[in-house]
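Quick heads-up: it's one chain on its own, the form predicted on its own, in structure tokens.
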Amino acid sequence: MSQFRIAIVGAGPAGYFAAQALQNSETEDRTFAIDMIERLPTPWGLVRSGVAPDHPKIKTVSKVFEKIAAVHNFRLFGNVELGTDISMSDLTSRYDAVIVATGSSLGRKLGIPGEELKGSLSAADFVPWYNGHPDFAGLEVPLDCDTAVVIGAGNVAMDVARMLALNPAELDPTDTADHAIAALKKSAMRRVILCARRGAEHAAFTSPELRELPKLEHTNVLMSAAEVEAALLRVGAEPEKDVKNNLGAMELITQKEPTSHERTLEFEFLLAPIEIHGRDRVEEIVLGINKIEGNKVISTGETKTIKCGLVISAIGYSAEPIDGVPFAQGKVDNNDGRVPHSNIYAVGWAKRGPSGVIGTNKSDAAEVVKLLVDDLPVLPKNAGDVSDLLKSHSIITQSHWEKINIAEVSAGEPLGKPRVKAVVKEELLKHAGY
């Protein structure tokens, strides 16, 4: 029997599904020893630090991750940073294959004047801030204004807008970071406007997310019936399934009886950001008014100005480059997951860019692992692993993570929360027993 050693860099959904695919590919003659390397002391990636806290059902996929981690040939190397503690060459020389599953963590810029002002943030910073990511716990989020503008037309933009427009008391039973709940409760925010560059039919929201909006108990949700009707006319009698479902969900929003809550979430389509104005901080944003002609979005030449104190852009992500791995167009340069002329592979957002939902990573990882298995030599390298390089390092193993998990869950129980997240690295290491 041959046992091949595989390193997976990144402990998010793509990494775990890659590990699962490897486990499912074992035969009587071939097994896999899997080492998962994660920069943070905590695994689960976006399931921990990206999924909106008021959507706890999505986080239940972590139970699948824990089953994958319980298999005897799986080891977690948390609190280990590639490029600082170890190098890619350390991995490629020791392991039969290396799978990059580091996701896309850098927010794309709007590229407009005023974007550098205080109060202009990327969702790539704001989302991990309210989710308790240690790197963003100290982020300054100015919430002393009554109006925020969110730029984007995907689920991340909607999550950001909804988190700002909710009554913060609704977050008390969630695992939202304590510092974020405290800041949101002090907030003067009452109006949140989500602006999309294209028409309603082009929005990348998913219909389940849209269908939840009319159920918000303390927030008015406003969408123009005329804009939705115009979009329906443009797509014709037989639109694509996702477009049809989205527009149907938008129709339900426009048909909801008006409410008089003090908090409002508004959707505006065909608006593109041009510049942000302000002396020392964001005071207003100027948006170009677009129109659709012949299925193309074009500028009308007219503008609209919205007074606001906070602008959050959610227009996509790109992957953070890794020394020793070729990158192009914001992701690992790969052919169907293979990195040419190497034993490196890529899965998830690092491979394909920021698209799809968490479940998309399962089929994606399975396809890449099939290629990886086909590429393996007859015999493994038997060149060891990285544990010898990390002897004096505070590695978070699976058992250490279980201690952190228990501590957080125990802290949440008396408060009716799923957990209270530790957001400082030293506190996480203390929970782990270091």
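Just so you know, these numbers come straight off a predicted model, no measurement behind them. Start at 1 with the first residue shown and count on from there.
Absent from the display: the form predicted in complex with a small molecule. The rest refers to it.
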| query | finding |
| --- | --- |
| All of 41, 133 and 394 within 4.5 Å of the small molecule in the model of the complex, heavy atom check | no |
| Of 139, 110, 183, 243, the one that lies within 4.5 Å of the small molecule in the model of the complex (heavy atoms) | 110 |
| In the model of the complex, the residue from 261, 198, 179, 234 that sits within 4.5 Å of the small molecule by heavy atoms | 198 |
| Partner-proximal stretch of 72-80, 314-322, 337-345, 85-93 relative to the small molecule in the model of the complex, 4.5 angstroms, heavy atom | 314-322 |
| Residue 159, heavy atom within 4.5 angstroms of the small molecule in the model of the complex | yes |
| Distance check, residue 188 to the small molecule in the model of the complex, heavy atom within 4.5 Å | no |
| The small molecule contact at residue 153 in the model of the complex, heavy atom, 4.5 Å | yes |
| Touches the small molecule in the model of the complex: residue 275 (any heavy atom, 4.5 Å) | no |
